[in-house]
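For reference, the chain that follows is the form predicted on its own, supplied as structure tokens.
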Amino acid sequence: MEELKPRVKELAKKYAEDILTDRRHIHANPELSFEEYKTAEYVANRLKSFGLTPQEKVANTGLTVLIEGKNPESKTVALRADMDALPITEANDVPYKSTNEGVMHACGHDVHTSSLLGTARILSEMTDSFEGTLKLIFQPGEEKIPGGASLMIKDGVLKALKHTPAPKSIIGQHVMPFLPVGTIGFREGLYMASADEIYITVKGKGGHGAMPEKIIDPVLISSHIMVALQQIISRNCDPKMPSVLSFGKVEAKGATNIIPDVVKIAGTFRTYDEAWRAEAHKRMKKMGEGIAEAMGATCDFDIHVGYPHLKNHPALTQRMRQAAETYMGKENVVNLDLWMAAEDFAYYSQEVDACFYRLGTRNEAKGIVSSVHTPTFDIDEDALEIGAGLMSWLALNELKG
């Protein structure tokens, strides 16, 4: 394998400018989840220009492409990128600023897609150097339930084809603005949390705030519910199991002396164990409805079940980390902590051996320090050459492993 590393680095450097151009085009033309029609068309045309034949309209706006080496039927490894953007108005003053008002690539999916395009180009020129098949997955809708990954899986991206086996493993890459450009992060085992959306509607009887005896106060009842629900985390969850219950929106359309009829609450629940997750759902619903009933109100407790937790297969992640150390230098590969954010790559990790790692994009000297999901998020574009080259190298190592 070592003899292939100079070739990978040479091709990554050769196509670095094209990868940057791809990234800037995608960044300037963002599309929301499940609306990535022009992005998918752009990706398909780029793949065709490399001499590849993509399968389009997978899960409507997704696509896949195979890169076959020698003995393509021997083994398949999948590589994944996501293509959707967020409903955020970009505040950056850059030549490639979003031209779609109110929509922005604020989570780095433009980086993931352009890097995987670079990987496709590199590996399409190295098919005589590896055995097996690489399946590249460009998926829609990572940012929105039910998650494009789940729909791609339903459309068969992890199944065997007539001449190639089902993917044995899958590798995913995500930007990390907390890591300096030039560094890579890995974590074995549990990594990212499941994520569910919670919507609570408490219905009482409104009226004048000076006559509480004549009303059923949904504001007060909602307060009791929100405080009591925290007890499920503190007294029913194993303290060794990370769990978070947070409420970010409370809507009570009253006034200083007006109690409304209805209060609406929205929040999120995150954890790392599917059995506990299901149990917590039951307990939360029962507690919320019970408190409301005991205080004379009603409670509609609606849980939108989101992505499962993401687990990195230990052996695969160890192999990928060792390969990354060979490519990047051991000093540039770091350990990651648990991350309570969620990612629909988790669906793949529930089906096959998976490794989801982080690509450093931070550069304090250039003022590139903003977090994802913010209007000022950007990357040090030196990460693009690294991202494409490293994923190519990891894929080659996994095919050989």
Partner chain sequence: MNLKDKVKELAQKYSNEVLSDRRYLHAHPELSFQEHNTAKFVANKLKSIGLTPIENIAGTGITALIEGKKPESKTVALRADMDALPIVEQNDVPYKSTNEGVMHACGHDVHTSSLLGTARILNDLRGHFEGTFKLIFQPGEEMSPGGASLMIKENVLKANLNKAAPRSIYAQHVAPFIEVGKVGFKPGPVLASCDDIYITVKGAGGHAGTPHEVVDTILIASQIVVSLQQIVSRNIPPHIPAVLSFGKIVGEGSTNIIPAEVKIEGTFRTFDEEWRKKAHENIVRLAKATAQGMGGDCEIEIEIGYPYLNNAIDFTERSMVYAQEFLGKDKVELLPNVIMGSEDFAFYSHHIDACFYTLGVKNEAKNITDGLHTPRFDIDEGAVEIGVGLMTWMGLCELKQL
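Between two forms, the rigid core is the largest collection of C-alphas that superpose within 1.5 Å. These figures come from a predicted structure and were not determined experimentally. Numbering follows the first chain given and starts at 1.
The next section is about a form of this same protein that is not shown, the form predicted in complex with the partner chain.
Under a 4.5 angstroms non-hydrogen atom cutoff, the partner chain in the predicted complex has I258 among its neighbouring residues.
When the partner chain is considered in the predicted complex, H309 lies well away from it, no heavy atom lying within 4.5 Å. In the predicted complex, at least one heavy atom of E197 sits within 4.5 Å of the partner chain.
The closest heavy atom approach of M340 to the partner chain in the predicted complex falls within 4.5 Å. Proximity to the partner chain in the predicted complex, defined as a heavy atom within 4.5 Å, holds among H163, R235, K330, K249 only for K249. Here is the short version: of P72, P146, G209, P242, the single residue with a heavy atom within 4.5 Å of the partner chain in the predicted complex is G209. Not one of N29, V94 and T99 comes within 4.5 Å of the partner chain in the predicted complex, counting any heavy atom.
Contact with the partner chain in the predicted complex, judged as any non-hydrogen atom within 4.5 angstroms, is confined among 267 to 275, 76 to 84, 154 to 162, 112 to 120 to 267 to 275. Contact residues in stretch 210 to 228 (any heavy atom within 4.5 Å of the partner chain, taken in the predicted complex) are A210, P212, D217, V219, L220, S223, H224, M226, V227. Remark: with the core as the superposition reference, the CA shift of A210 between the shown form and the other one reaches 2 Å or more.
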